[in-house]
Ligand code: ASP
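Quick setup: one chain, the form predicted alone, written in structure tokens, and binding and motion questions come after.
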Amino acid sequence: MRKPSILVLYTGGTIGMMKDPKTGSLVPFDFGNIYEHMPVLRNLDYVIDFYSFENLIDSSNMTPEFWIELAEKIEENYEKYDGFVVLHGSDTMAYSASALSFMLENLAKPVVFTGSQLPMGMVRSDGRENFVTSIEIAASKINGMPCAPEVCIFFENQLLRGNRATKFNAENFNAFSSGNYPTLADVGIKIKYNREFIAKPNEGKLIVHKKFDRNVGILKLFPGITHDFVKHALGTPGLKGIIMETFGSGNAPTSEWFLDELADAIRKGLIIYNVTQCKSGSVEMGRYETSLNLDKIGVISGYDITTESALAKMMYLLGEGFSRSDIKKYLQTSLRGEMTV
């Protein structure tokens, strides 16, 4: 019987660091000697290969160009492996997982993002458990079918849909939450897969989308926001789309100047996507008077999508060159399970 095969892709970040015994400083982990550092991996009896990107980066420096490199490496090796584990810094992991979910159309194998709050070489590191369990999840099958054939994030005993996750804690090992979608799996003594919430494997050929349009922005509303600030944000040269983080269920100021600025920007072709600032809950435009006017002037509802996923989705749709009407339609459609409509 053929052993499960997993490709581990190291992009950079805390999980792949360890202390240099000579200097005491953090240096990249040598995955060539992984079995010496983590002999427990031999117990899995998998074929585990490793690829480190030439230019390792802190996830704070993540870019769409790097997303394309990552997707191309998965595309290049897609037929050779049963699953993929992406070692990634936690700060922008939800953005990257969201982006990959849109890029990898017809995905039928697990792509598991993981990382850690402490470097793998430290005594109390959460990285070793996250790493080993992610490999096990990426390799797991039932009746010959992968248990989690989608882009996901594993962190501290929870497997989350990648485009539904957000980082909510900078210190605890339990760093990610998925406020609007259940966990895909809960990990204790056993891995309990919540199959009713996991995407079914796609039967079509993998299609990798490699175009992103960076001309998007995020406008977070706050009490006291000024006319000049909004005007300049919406008038950013070259801007094509903006994620507007609103209050509660999609509410915003009813000031005449505010609505006039939004309406003028929309008339000029700007796409405005309404996403709630809350970590859980959904935009319901028209539920209150404070969101009714947004609907009337053409602001698009993001329902329960996360900001990270909304940004990646808009970059992807604009990059693909869809018409404005199609982009509006797709922004309100669940393409990869990223929203509940």
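Given the structure is predicted, the values throughout are model-derived calculations rather than measurements. Residue indices: 1-based, along the sequence shown.
The form predicted in complex with this ligand is left out here; the points below concern that form.
Although the partner is absent here, S116 sits close enough that one of its heavy atoms falls within 4.5 Å of this ligand in the predicted complex.
In the predicted complex, at least one heavy atom of S90 sits within 4.5 Å of this ligand. When this ligand is considered in the predicted complex, D58 lines it closely, a heavy atom lying within 4.5 Å.
The stretch that touches this ligand in the predicted complex, counting heavy atoms within 4.5 Å, is 58-66, out of 58-66, 274-282, 311-319, 44-52. Applying a 4.5 Å heavy atom cutoff to this ligand in the predicted complex picks out no residue from 149-163.
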